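We begin with a single chain expressed as structure tokens, specifically the form predicted on its own.
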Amino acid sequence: MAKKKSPILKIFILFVIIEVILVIVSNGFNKQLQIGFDDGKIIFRNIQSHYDLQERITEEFQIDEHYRQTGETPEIYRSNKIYEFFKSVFGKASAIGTFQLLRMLLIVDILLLFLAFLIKKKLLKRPSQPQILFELTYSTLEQFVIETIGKDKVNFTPYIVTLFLFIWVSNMIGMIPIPGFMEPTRNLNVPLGLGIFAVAIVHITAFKVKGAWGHLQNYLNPIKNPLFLLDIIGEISKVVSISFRLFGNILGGAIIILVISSLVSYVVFPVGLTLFFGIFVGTIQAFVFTMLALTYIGVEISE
């Protein structure tokens, strides 16, 4: 007896067929398929259209440069006063981009606080699925903390969990189909700030464990450590490495999704790309960043 195809597979095949037809009929970027009514008649025709992929990338990832190139007068929420305020604080070259970044960071923070409040309020002896998922995440990261820096340093777990969840939510939020939503981590300022903070935590911890001079003599005592300059450069490279890894992967994934989506008219293939770059790569990068921060702490206090 032949096995019936699942409804999801049928829907996917249908979308693939529609996509292929649209790509063939639309005849590339120079034509756009128009379906509708005109003077009471059904129309099904190709019309001339303009699509500049480079312009679209600039608009998506360099919004202030886009306005400079087009000569348009930028506004924020249809208000020139808000734009003028951000321009006076952050400069004309980054006013709108900074506003969009701060808005997304605020949304991420509110979302995390809301989730924390909701989970705390709904703690049950027989946990719900969200509670089980959160407890699993917390216990897994706690185990990593114990294995890396010891059971006596388990108090680092809240920091590690918060770091992971913040980066993960920041990577995921760009998948929400709301205009203007983007991943804060695709802006270099966010990964760089997280990297600087992570390395600062490393040295603050080392000060507490070794004492001020016990830690600083590794970098300021040429007799004990003749290659101290290389160690200082190495600490700077930690910030660059951990930050640019996260930034490059998230930004690169967003650009690839935009380019491929443009090629196939935003119908079929972006679903798979979003699942890969959004969920898989976003989760992996959040985990890698968190584990590197934890490893830096472990290496420093174990020396």
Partner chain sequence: MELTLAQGIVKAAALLGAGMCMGMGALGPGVGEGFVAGKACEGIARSPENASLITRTMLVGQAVSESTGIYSLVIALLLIFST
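This structure is a prediction, so every number in the text was calculated from the model and none was measured. Residue numbers count along the first chain shown, from 1.
Same protein, other form: the form predicted together with its partner chain, not shown, and the subject of what follows.
Exercise for review: Find the only residue in Phe144, Phe164, Phe156, Phe99 having a heavy atom within 4.5 Å of its partner chain in the predicted bound form.
Suggested key: Exactly one listed residue reaches within 4.5 Å, namely Phe144.
Review point. Any chance all of Ile57, Phe244 and Gly248 sit within 4.5 Å of its partner chain in the predicted bound form, going by non-hydrogen atoms?
Key: Result yes, every residue of the spot touches its partner chain.
Check your understanding: So in the predicted bound form, does Ile13 come within 4.5 Å of its partner chain, heavy atom to heavy atom?
Key -> Answer no; every heavy atom of Ile13 is more than 4.5 Å from its partner chain in the predicted bound form.
Check your understanding: Can any non-hydrogen atom of Ile17 be found within 4.5 angstroms of its partner chain in the predicted bound form?
Key -> Contact check for Ile17: no, nothing within 4.5 Å of its partner chain in the predicted bound form.
**Study point:** Exercise: Gln62 in contact with its partner chain in the predicted bound form, heavy atom 4.5 Å
**Key:** Close contact exists here: in the predicted bound form, Gln62 approaches its partner chain to within 4.5 Å, heavy atoms only.
Check your understanding: Going by a heavy atom distance of 4.5 Å, is Met291 a contact of its partner chain in the predicted bound form?
Key -> Met291: contacts its partner chain in the predicted bound form.
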